[in-house]
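One chain is shown next in structure tokens, namely the form predicted on its own.
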């Protein structure tokens, strides 16, 4: 299991244990956070699962993810699409904050 801390838009913070291989998007939904729209269901085509991710072991952005994040008014240096982050032991202790809605 991988420990992930999720912070919602109101600042509520919860640390959950998730199975390696799940996406951060799936982890957020399974934890009961309903703010993440994730309209495309995880196919990297909508950017509605935007989060700010802080932690070690993150893989670099793909070109598609980078392009989609450019459409957000709330993009920051730590912006990621939660559907594109697959949990692994290398991400133990990852902190993700759900970005404001565009």
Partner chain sequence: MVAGGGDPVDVLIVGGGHAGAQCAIALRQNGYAGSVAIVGREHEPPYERPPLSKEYFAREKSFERLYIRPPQFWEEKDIALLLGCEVVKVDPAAKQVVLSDGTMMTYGTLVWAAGGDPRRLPCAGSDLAGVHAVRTRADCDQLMGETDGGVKRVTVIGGGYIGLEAAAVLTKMGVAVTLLEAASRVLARVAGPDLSAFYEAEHRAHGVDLRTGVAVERLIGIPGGRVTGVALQDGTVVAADAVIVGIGIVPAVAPLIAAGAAGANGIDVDAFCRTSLPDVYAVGDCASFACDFADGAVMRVESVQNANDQATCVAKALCGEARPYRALPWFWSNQYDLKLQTAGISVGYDQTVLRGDPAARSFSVIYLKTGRVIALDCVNAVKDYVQGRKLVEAQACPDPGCLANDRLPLKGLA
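Residue numbers count along the first chain shown, from 1. Because the structure is a prediction, the values reported are computed rather than measured.
The protein also exists as the form predicted together with the partner chain; that form is not presented, and the subsequent description refers to it.
Next on the checklist: in the predicted complex, is there a heavy atom of the partner chain that lies within 4.5 Å of any heavy atom of residue 56, even though the partner is absent here?
Outcome noted: No - in the predicted complex, heavy atoms of residue 56 and the partner chain never come within 4.5 Å of each other.
Item to check | residue 16, heavy atom within 4.5 angstroms of the partner chain in the predicted complex | outcome: Looking in the predicted complex, residue contacts with the partner chain do not include residue 16, since no heavy atom lies within 4.5 Å.
Checklist entry - Looking in the predicted complex, any heavy atom of residue 29 within 4.5 Å of the partner chain? => result Yes.
Item to check | Interface membership of residue 68, the partner chain in the predicted complex, 4.5 Å heavy atom rule | outcome: Contact check for residue 68: yes, within 4.5 Å of the partner chain in the predicted complex.
Checklist entry - Does any residue in 29 to 45 get within 4.5 Å of the partner chain in the predicted complex, counting heavy atoms only, and if so which ones? => result Stretch hits, in order: 29, 30, 32, 33, 34, 35, 36, 37, 39, 40, 41, 43, 44, 45.
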